[in-house]
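In structure tokens, one chain follows: the form predicted alone.
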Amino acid sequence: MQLQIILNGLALGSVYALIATGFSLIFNILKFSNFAHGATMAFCAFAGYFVAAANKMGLVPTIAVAVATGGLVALCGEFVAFRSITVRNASPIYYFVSSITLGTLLEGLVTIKAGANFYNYPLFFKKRIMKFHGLVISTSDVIMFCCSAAALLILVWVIRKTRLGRGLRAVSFDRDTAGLMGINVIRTIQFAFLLSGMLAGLAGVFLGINYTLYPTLGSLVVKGFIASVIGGLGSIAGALIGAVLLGLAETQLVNLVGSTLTPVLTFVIMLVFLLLRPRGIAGSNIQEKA
């Protein structure tokens, strides 16, 4: 029973990791909490759903559509909502205002298309569960865990080994100095938004498969925020650790106290971290601007 709960927690934590990492990428480079990330995730989830339903596509092309949509939406969002603030070096509070506005706009577009209805993704798997030594594992959970792990490993490789990844680290450390060293700061910020949007697309598809699709699905971005707080805002490694711990904690709490009290206790855990260790587990020194 306990191993079953841990497996469920790891699967849930893997999709939280996608949300938290995308959230942390933008926080790391622009030092603000991009609350439009959740709406981007919902937008991509619905884009994947409508294209998959209309063309009877399988899982892989559906993911490809959602990921491409996420990258495109994030790039457009960066240009429309955040570029002028960055170029003018305006007050950081405008990042926060713009992210809320952009998120509301995206959520409104989803509502116009989808209405207040609930949707379910097509069944992509012939065999919905797998049994192994008494353990029952959902096929979608296994695929979700494998895809999330692969995406995050690729992200780590890109950040550590590629020129754009090194630029990303330099800009996140000191934007002005990175610019003086010849790094194209705007292009690097665009790259961060592209990666963040692609992760949002992948997370949106798996949330849509495992849960019901609805226009305010993006509110689940708060789980990414909580994972980032636990792991350490501004730290991608911390976001991963926090997401896995949050997934494990939620499944344990559901087993112990039920699903009604679990959201309340999850926020209590976040408040405890803010009170006792505001820098989170990874201990980032970055301070939020807005």
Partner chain sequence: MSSVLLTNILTQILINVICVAGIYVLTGMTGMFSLGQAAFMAIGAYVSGLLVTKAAFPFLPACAAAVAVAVAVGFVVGFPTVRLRRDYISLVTLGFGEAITGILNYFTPITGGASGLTGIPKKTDLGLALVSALIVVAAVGLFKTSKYGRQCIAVKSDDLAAKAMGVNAPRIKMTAFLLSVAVTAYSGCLYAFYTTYVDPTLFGWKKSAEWVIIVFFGGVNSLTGSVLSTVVLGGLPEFLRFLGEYRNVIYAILVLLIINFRPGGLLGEWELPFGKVLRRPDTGGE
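In this text, all values refer to a predicted model and were calculated from it rather than measured experimentally. Residue numbers count along the first chain shown, from 1.
Separately, the form predicted in complex with the partner chain exists; it is not shown, and the next lines address it.
Student: Honest question, do Ala170, Asn184 and Gln190 all end up within 4.5 Å of the partner chain in the predicted complex by heavy atom distance?
Tutor: Per the other structure, none of Ala170, Asn184 and Gln190 touch the partner chain.
Student: Please tell me which of Lys161, Lys131, Arg88, Lys127 lies within 4.5 Å of the partner chain in the predicted complex, judged by heavy atoms.
Tutor: For this set of options, the contacting one is Arg88.
Student: Find the only residue in Met57, Val222, Val65, Leu245 having a heavy atom within 4.5 Å of the partner chain in the predicted complex.
Tutor: It is Val222.
Student: Only one of 235 to 243, 40 to 48, 65 to 73, 25 to 33 gets a heavy atom within 4.5 Å of the partner chain in the predicted complex; which is it?
Tutor: Within 4.5 Å of the partner lies stretch 25 to 33.
Student: If we define contact as a non-hydrogen atom of the residue within 4.5 angstroms of the partner, is Ser148 a contact of the partner chain in the predicted complex?
Tutor: Although the partner chain is absent here, Ser148 would stay clear of it in the predicted complex, with no heavy atoms inside 4.5 Å.
Student: Consider Ala178 of the chain shown here, and say whether it contacts the partner chain in the predicted complex, taking contact as heavy atoms within 4.5 Å.
Tutor: No, Ala178 stays farther than 4.5 Å from the partner chain in the predicted complex.
Student: Is Asp141 close enough to touch the partner chain in the predicted complex, meaning at least one heavy atom pair within 4.5 Å?
Tutor: No - in the predicted complex, heavy atoms of Asp141 and the partner chain never come within 4.5 Å of each other.
Student: Using a 4.5 angstroms cut-off on non-hydrogen atoms, would Tyr214 count as touching the partner chain in the predicted complex?
Tutor: Contact with the partner chain, no.
Student: Let me know which residues along 149 to 164 have a heavy atom within 4.5 Å of the partner chain in the predicted complex, or say none if there are none.
Tutor: Counting only heavy atoms within 4.5 Å of the partner chain in the predicted complex, no residue of 149 to 164 makes contact.
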